[in-house]
Ligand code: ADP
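Below you'll find only one chain, the form predicted on its own, shown as structure tokens.
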């Protein structure tokens, strides 16, 4: 990595993983030019507290670390973050980072854009923990670890909710007494960093489509859909929390709230219900086999097939609902781990949409994860675009760095 350019780190702390990416920030061509951070290295630990495994590599793919650790050594996110940072720091000794950007899942109604982190921001993010219990505490763990080790370091919070901040009130409301809306109980939407990247990428590869009515399917262990018009979010399947909408790896998605009341009436505690809805439902709960779509597709168990079929059925239903919001559909985009890499899931979803939207896939292009997988006869183009949430965090952090005169 060149010492001529400032370095920033991007931290993405998930429910069972910590990812840290290193970016260099080249000089802009002129004062009004945008900044384009360049990925230098990436490291991550998965299976925290269960089966920790560290992997780190340079941007060219050269692997610098691939090692498993005992649970006692990487028992929590604090230990995981310190370990990943230690491994990557070997290449940063001559050019230490000047800023760190964090993916933060929930920004509530307070944060509609990236923000410089201070004590007040941390306090406001802590208040949102009940709305994102699987993610927000781990996002804050990494932020606190940096503030303890380097209190003067510029830290930037980039929010999964921010891309959806401009939604019309109809897309935010839930039919509860209006006073709760005024207290912040509303539909926020998530995966906004991914959707922001896809909106930018689509404007590059298909600008004519980017200006139209687009639905993006972010399908991974967490899953949601976003309706966009002219590159801006107008609605999303996720709501107050990242539990709503589509069924996911271990999360239930939309369910009748009466089912939650019934569980409580049967004597389940709030903590037990939360644990089940977030960690034991979705693909894992329906199949009884796994939360991993790859495992389910390879399985011959009837309930594994049932879980996959239900996943595709619900995704197609929600695409139809968002098309109503948009007043039609000009393009469908698949992204994230399942969306960008699973031809069978894309095929199952699109089969439900053939009659309503005239969607048909090119089987060979779909099997190869091509960029455009719809056939020439399809009335609606279908594209596959890998996402880059860390790249968006790097971009926002570099802009903040420039505004603060750092680097």
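Numbering follows the first chain given and starts at 1. Since the structure is predicted, the reported quantities are computational estimates derived from the model, not experimental observations.
Just so you know, the form predicted together with the named molecule exists too; it's not on screen, but the next bit is about it.
Contact check for residue 276: no non-hydrogen atom falls within 4.5 Å of the named molecule in the model of the complex.
In the model of the complex, residue 57 stays away from the named molecule, with no heavy atom inside 4.5 Å. When contacts are judged by a 4.5 Å heavy atom cut-off, residue 282 does not count as touching the named molecule in the model of the complex. With a 4.5 Å cutoff on heavy atoms, residue 220 counts as touching the named molecule in the model of the complex. For the residues 241, 136, 291, 172, the 4.5 Å heavy atom test against the named molecule in the model of the complex is passed only by 291. Site annotation in the model of the complex: the residue of 264, 297, 255, 127 reaching within 4.5 Å of the named molecule with a heavy atom is 297. Judged by heavy atoms within 4.5 Å of the named molecule in the model of the complex, the contact stretch among the candidates 37-45, 65-73, 335-343, 350-358 is 335-343. Contacts with the named molecule in the model of the complex, taken as any heavy atom within 4.5 Å, map to no residue of 118-141.
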